[in-house]
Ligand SMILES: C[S@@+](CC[C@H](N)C(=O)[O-])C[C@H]1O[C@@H](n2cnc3c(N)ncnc32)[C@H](O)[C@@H]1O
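As structure tokens, one chain now follows by itself in the form predicted alone.
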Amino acid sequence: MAREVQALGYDTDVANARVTFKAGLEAICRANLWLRSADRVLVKLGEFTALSFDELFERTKALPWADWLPVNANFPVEGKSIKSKLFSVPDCQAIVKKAVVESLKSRYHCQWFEETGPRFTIEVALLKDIATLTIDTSGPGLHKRGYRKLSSAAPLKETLAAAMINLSRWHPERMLLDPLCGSGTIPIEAALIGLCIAPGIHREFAAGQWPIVPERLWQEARQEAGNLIRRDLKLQLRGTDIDAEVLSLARYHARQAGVAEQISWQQAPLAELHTKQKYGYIICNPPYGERMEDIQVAEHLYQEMGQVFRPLDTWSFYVLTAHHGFEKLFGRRADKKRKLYNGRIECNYYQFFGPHAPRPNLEA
């Protein structure tokens, strides 16, 4: 995610589970449109130590809420608390709500707020007694691109699929294949990346209704996104799966995303995987075998993957799974692995690097 923010031209401060950056109001529009692996974009109003409810109230009240919230703002408060003295989330939410109301009273000189206007979801997040107050600019999570209207069992989030592709350092001139594609999220996200299509270009955001963010900034950001689409490219993307029903969903989702012509879909078992292409990428999210009756099926699949992938000796493989015995079953130790979370499931992203493609001979 930090690389994505930096690509937009902003300096980043990276911490566990978040990336912070300073920017103008236009960044609310550009970040929501462009960030592929972020859950949402938040405006950080303040951060401070809070060891008592009085301290939480007074420090929250002192923040510049009226600079962001109009008099008719709808401002629900959400919360979470981890390893903090103030552990009662409902109490923290109620105190923050009251503090924001008191802050707005001093600016708008009224005693009651109807909250009939645009939504400004406030979050109070306490971590080791440090309270962070934010406003959500995104609304529905950024994984909701707008193309996945239908759903299969245990679908991979679009944001995680995009992160898997970006971590692989896939190049759009190379073939990308998902031999266990399900409803098609990985090939579709690869198409969006390869064609430089902003993932949020077809959806709306909470901050789109905020008076503080001029409509002009949204228009400029969307125009920029439209101008950067690489309509001249033809990508090599393939998704295969044994299930005809989920492949039907994949084709539908690709059409909804506007990338149907960039992806070939094929109903086939893993054992029939073959390609004459060199130096390609396999990126997949196979079943984990979370339930006892499915573990043996998953383990057999991992063994089969090792056998089927082995002849592709110039390819790179990237596999996400929660099964800790994957490398042994696959028959090869990963060159690198990273811990990622698929929802609340802790997984490893196993990365097997193929050789670099030879550089072409050039003559001037």
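Remember, it's a predicted structure, so these values are computed and weren't measured experimentally. All residue numbers are counted from 1 along the displayed sequence.
There is another form of the same protein, the form predicted in complex with the ligand; it is not shown, and what comes next is about it.
Trainee: Counting only non-hydrogen atoms and a 4.5 Å threshold, tell me whether Asp39, Thr159 and Ile201 all contact the ligand in the model of the complex.
Mentor: No: none of Asp39, Thr159 and Ile201 comes within 4.5 Å of the ligand in the model of the complex.
Trainee: By the heavy atom within 4.5 Å rule, which residue out of Cys196, Ile242, Leu233, Cys110 makes contact with the ligand in the model of the complex?
Mentor: Selected option: Ile242.
Trainee: Answer with one of Ile135, Ala260, Leu180, Val89: the residue that has a non-hydrogen atom within 4.5 Å of the ligand in the model of the complex.
Mentor: Only one option qualifies, and that one is Leu180.
Trainee: Within 4.5 Å of the ligand in the model of the complex, counting heavy atoms only, one of 201 to 209, 278 to 286, 68 to 76, 98 to 106 shows up; tell me which.
Mentor: Contact criterion met by 278 to 286 only.
Trainee: Is there a heavy atom of Pro155 no more than 4.5 Å from a heavy atom of the ligand in the model of the complex?
Mentor: Yes, Pro155 lies within 4.5 Å of the ligand in the model of the complex.
Trainee: Answer yes if any heavy atom of Leu301 is within 4.5 Å of a heavy atom of the ligand in the model of the complex; otherwise answer no.
Mentor: Because a heavy atom of Leu301 falls inside 4.5 Å of the ligand in the model of the complex, the answer is yes.
Trainee: At 4.5 Å between heavy atoms, is Ala268 in contact with the ligand in the model of the complex?
Mentor: Ala268 belongs to the contact set for the ligand.
Trainee: Do Val213 and the ligand share at least one heavy atom pair within 4.5 Å in the model of the complex?
Mentor: Looking in the model of the complex, residue contacts with the ligand do not include Val213, since no heavy atom lies within 4.5 Å.
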